[in-house]
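First, one chain by itself in structure tokens, the form predicted alone.
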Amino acid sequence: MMSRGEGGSYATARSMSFNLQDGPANALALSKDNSHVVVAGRNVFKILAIEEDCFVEKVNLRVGKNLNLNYSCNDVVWSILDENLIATGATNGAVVLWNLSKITRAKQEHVFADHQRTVHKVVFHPTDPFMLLSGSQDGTVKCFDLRVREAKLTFKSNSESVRDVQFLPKNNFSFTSVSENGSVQLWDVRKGGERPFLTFTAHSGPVFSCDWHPDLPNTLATGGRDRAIKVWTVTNVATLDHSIATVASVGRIKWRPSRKNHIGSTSLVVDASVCVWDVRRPFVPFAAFEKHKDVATGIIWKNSPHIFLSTSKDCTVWQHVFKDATRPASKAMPQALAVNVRRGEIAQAVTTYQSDSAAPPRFPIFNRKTASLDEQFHMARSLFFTFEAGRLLRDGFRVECAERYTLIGKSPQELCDINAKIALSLNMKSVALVWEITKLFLNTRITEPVPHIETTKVTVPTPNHVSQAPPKPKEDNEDHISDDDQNHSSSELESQDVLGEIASGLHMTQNLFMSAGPTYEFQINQEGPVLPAEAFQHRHEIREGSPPLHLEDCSPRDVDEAIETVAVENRTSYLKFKFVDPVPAFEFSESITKALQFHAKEGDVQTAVCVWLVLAPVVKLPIERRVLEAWCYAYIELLQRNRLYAQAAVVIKHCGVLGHLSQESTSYLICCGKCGKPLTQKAGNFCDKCRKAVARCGVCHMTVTGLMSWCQGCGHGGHIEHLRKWFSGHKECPVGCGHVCHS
């Protein structure tokens, strides 16, 4: 329940906005009494009065003839001890003091030009009005004494940039800085510019903002580019309590007053809404404010937990009231369905509707304080059911196949043969058939040379059923062919192609449908019976008036008497051969493509990807690139689910469409565990600052040259086997830093 004072302001407050017109604002700060707000940016620097129903511009501090980069503000802070004192951090590295009590239009009081690069954050000490801190892109934190107008202390963070600094609320001598290397450092101003007394890695990327809880001691929140808000308990060591996953990089965070579990945040890119999170429910915002049209750059709460102000790149300032917030949890679907394809289980969550009205107290005599419905997280009740549906995963993916398949290192024919035997041994006959057909396809692409066939003289024996007269003696000039005529005839015959199919002795050495073309062997008899002069037998002599002769009805004697033998003289003839194009090889690529598409459609992406990987070096199947990417992504996911990372790496390397995956999530930022300095590639595992090797085992104190494991909390590590033995009986760090590495 809200207090009486904040209840009155909350009842009359409403959401309102102000258009800055001059440009977007980078930061804002409230005055001590929360009646005014100062808004600063590269081209805007104004003070606005907060009325009940609107903002009213009171002072424009960006005035004068010499408007230089000192007026280009990256951050602004209003002193909580002196209502006339404002400090800004400029983009040129200057820290500027502004005195509102000056009578002149120019309110600039003093310029500190100690930083070399952009100032990201300025903050006043909560109890000392003369102490001012600033964090810069040059990697340093400056502590200014406003009485002598100079920087008294310099703190070097050993990082490229310091993005935020905050004083500890219960400790007047300590402050926190966050850097772009993901580390958080705690400093003691009494020790001057010495090393921080505590350093820990909070995020995997740059940390852009931090904020100490106003009510809970030692509770620190950090937000970074890794799209996470993390809540830490900081004592001698830092312990992670909560982690909130956001949709974009976190730009600013601020704890909600009087609500120990609520924190507000803005995004650096993409998301224009201002979200309020409940750290106990890290995935859905407790409330969201969607007034801005561009990303918000600043957020600050008034004394009331129900009202806060924000600025944005859309050149507006908004006052948000909690009653106007949207509740993302109320829009979430409270029903869900999940399928375990390997075990054949189905899980279902079904909503049960309940009234939002609170149940009456069981004992009304006790007047217990209850929170309003606006302060409660939206709750949805669901009934959970599980069903057994048998085996839902087809035999499309087999771990045994993935482990035993050979995809590289041998010829494609050998790979197909090996994988076909593996599939057949696992009783995957259809998959084995695909491998066999693929092997056959590869064999048909090997073309054997066709032997040269010469045209030659061919003699064909006279049919046995044709009788011949005794041969007559040949004369010298009869049927004689000169050598010139023979050479001429041979040249003509050599220019003609061979028609081997009609020749005697035709023989095919290969399958007609499985080769690039048939190879023929001709058996040619150079010496023997010659081809008769007539292609057909002579009919018997037809005599006038004689009836037709029917051989079927005649006796053998009658046949001998009836048939007059015709003598056919021997003479040599030549066959004319005509070349016939060989039968083309059967084209398997279309059939194999359809087979792979069929297996992928049936859920067997393993066969589709593996066959394609084997064929890829020699054959380019007509498969679209987007289809191949979908197959490879699915198969890699299956391999990684079954922890077959080596097989997944082979697919990524040789598929040719997912080469970018081999370059993701392979970079690690390594720092010295003693001083926190980032290690460069040139230095290797040697720290230039400590002058010692970084990779030292915390157990044996020897340099680690092989695999090393380390704690992300304290940065100490060592040999994997040594640490495994150590943590089998201990939980604390073996170095003795006090960090509980094994929880």
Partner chain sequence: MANIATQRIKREFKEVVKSEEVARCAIRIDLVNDSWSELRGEIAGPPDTPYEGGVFALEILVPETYPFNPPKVRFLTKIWHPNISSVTGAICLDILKDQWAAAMTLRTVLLSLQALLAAAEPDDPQDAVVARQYKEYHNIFKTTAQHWTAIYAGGPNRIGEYETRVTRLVDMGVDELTARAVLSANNWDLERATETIFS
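Positions refer to the first chain, counted from 1. Here, rigid core means the biggest group of C-alpha atoms that superpose within 1.5 Å across both forms. Computed from a predicted model, the values in this text were never measured in an experiment.
Only in words, not in the display: the form predicted in complex with the partner chain, which the text now covers.
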Q. So in the predicted bound form, does Val699 come within 4.5 Å of the partner chain, heavy atom to heavy atom?
A. yes
Q) Closest heavy atom of Arg14 to the partner chain in the predicted bound form, within 4.5 Å or not? A) no
Q.
Does any part of Phe18 reach within 4.5 Å of the partner chain in the predicted bound form? Heavy atoms only, please.
A. no
Q: Pull the contact list for 714-728: residues with a heavy atom within 4.5 Å of the partner chain in the predicted bound form, in sequence order.
A: His722, Lys725, Trp726
Q | Residue shift check between the shown form and the other one, rigid core fit, Val56 Cα at least 2 Å | A | no
Q. Superposing on the rigid core, does the Cα of Ser728 end up 2 Å or more away between the shown form and the other one?
A. yes
Q: Examine Val699 after superposing the rigid core and state whether its CA is displaced by 2 Å or more between the shown form and the other one.
A: yes
